[in-house]
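Next comes just one chain, in structure tokens: the form predicted alone.
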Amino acid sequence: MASGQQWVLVEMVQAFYEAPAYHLILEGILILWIIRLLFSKTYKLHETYRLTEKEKEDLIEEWQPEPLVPPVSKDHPSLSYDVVTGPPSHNIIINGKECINFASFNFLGLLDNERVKQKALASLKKYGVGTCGPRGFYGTFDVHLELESRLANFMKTEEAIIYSYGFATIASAIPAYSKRGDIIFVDEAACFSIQKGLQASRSFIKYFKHNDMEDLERLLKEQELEDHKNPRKARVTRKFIVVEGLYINTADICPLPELLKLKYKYKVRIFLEESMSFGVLGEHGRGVTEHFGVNIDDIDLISANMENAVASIGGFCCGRSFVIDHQRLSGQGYCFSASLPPMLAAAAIEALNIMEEDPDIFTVLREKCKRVYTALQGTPGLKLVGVQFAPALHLQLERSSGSRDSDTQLLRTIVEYCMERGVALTLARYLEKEERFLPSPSIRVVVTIEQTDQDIQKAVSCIQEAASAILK
């Protein structure tokens, strides 16, 4: 027994000599730390000092809470409104002054259309003002179902779903399909409602440069390599591309045919936001798919609002039935918001009737867009941004002052100059602290079919005159 213990001791000593230096150092540190813990004194908490009632009252009086929101001056532009009197149709009365309207998104001039107003009035008398309930809780009216059917037929898709708020449409649709762990490839110029949908989805977001298909393919290739490394994860990860048909922030069009090639090459789904192109592009106003002659079934989901060309309120999504039905269970704006007021649904149906009866209005609109685009070329000190068939163009400063506030003030001065002379324009406004990629300050020029050649000439002359006088 003693010889056995002696042999173990010899082995321990031998192992000690053969052990690497770092191993001995680490064991030595651990032994010293254990000895320190064993012999260190226990820590005693200091006795709590109890405040008197007077001391408590003094502390409360001295406490100054931080402001809930940062201080904003009362003359901030967002707090001073231009008040509109009457309908914002072709001629608009702003702050008591009548102007030609180049600011409202009333592309097809349906906002003050007599047929649309009569249908809305008849619906108001039949159904009342609102619905006071979401679609799943006695908020589904026959006129809602009719509008969904008409939109699906108009867009040549299997089914459509309507929302009571345009902004919430795409912001609800994206998180209905894309969840945590999924991947979304998004254009940097995506509008704010798309950005909110991305936030709500909690997915992994990859931005590609605006309309840059090479940059998008680079990201798709990188993701493909990642998928090969972890095929088990790749099988359960959904991948989406989210783009706009006509971008509201840049007034240019997405390269849809190239996007479809990438879709099938890399096996991703495409969501297309068409609020600016629905009722504008294509022979029958069906949007960017009709403009490019693309099969609409190649697009997984199309979203648009009814607040521009249709001149109503709300929005819709359309696509295959199994895709749309999923939103009825998980589209937050659909499930939890009161449904669209019936009179606005009736107005949208009548607007669709007019669009189907007279498809020439889309040709007229595009011709006027081209006329305005050509006329605004070469405006001194201003750069025209957009494509010639976009109904909402941007005018930016050719040379920035280096300060966003200064640039915005210069453009605001041009807008005010034109308003004084009877032309209503507007600055493009953004939530500057929340935009992912903040666009440059710009004046937005909106084209409608109601604007005559004389109106266009007056507006262009006024803008050029203002630019020459202010941007010296």
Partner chain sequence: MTESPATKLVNGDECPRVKNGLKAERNGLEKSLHRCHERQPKHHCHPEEEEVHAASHGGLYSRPFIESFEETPMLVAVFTYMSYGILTIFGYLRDFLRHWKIERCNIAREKEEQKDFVPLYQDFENFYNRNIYMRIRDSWNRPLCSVPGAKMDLLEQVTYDYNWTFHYTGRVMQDVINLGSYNYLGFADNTGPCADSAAEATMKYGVGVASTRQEIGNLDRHEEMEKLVAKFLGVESAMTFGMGFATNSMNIPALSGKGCLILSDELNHASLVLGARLSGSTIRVFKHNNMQSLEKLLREAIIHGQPRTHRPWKKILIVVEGIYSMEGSVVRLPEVIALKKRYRAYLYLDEAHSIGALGPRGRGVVDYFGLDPCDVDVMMGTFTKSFGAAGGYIAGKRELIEYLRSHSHSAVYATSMSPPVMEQIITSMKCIMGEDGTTVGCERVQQLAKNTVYFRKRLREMGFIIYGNEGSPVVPMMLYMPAKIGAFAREMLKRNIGVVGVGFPATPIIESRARFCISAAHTKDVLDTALSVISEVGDLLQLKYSRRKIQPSLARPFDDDVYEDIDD
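Positions refer to the first chain, counted from 1. Since this is a predicted model, take the numbers as computed values, not measurements.
The form predicted together with the partner chain exists for this protein as well; it is not shown, and the discussion that follows is about that form.
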> How about L410: is it within 4.5 Å of the partner chain in the predicted bound form, going by heavy atoms?
Replying inline: no
> Using heavy atoms and a 4.5 Å limit, would one call Y417 a contact residue for the partner chain in the predicted bound form?
Replying inline: no
>> Taking any heavy atom pair closer than or equal to 4.5 Å as contact, tell me whether I92 reaches the partner chain in the predicted bound form.
In response: yes
>> I'd like to check something about V69: if you look in the predicted bound form, is any of its heavy atoms closer than or equal to 4.5 Å to a heavy atom of the partner chain?
In response: yes
> Based on heavy atom distances of at most 4.5 Å to the partner chain in the predicted bound form, which listed stretch, 370-378, 292-300, 251-259, 384-392, is the contact stretch?
Replying inline: 292-300
> Looking at the partner chain in the predicted bound form, is some heavy atom of each of L111, R135 and Y264 within 4.5 Å of it?
Replying inline: yes
> Of the options N211, Q223, N353, Q332, which one has a non-hydrogen atom that comes within 4.5 Å of the partner chain in the predicted bound form?
Replying inline: Q332
> Though the partner chain is not shown, can you say which of K206, K97, R320, R150 has a heavy atom within 4.5 Å of it in the predicted bound form?
Replying inline: R320
>> Could you pull out the residues of 82-99 that have any heavy atom within 4.5 Å of the partner chain in the predicted bound form?
In response: D82, V83, V84, T85, G86, P87, P88, I92, I94
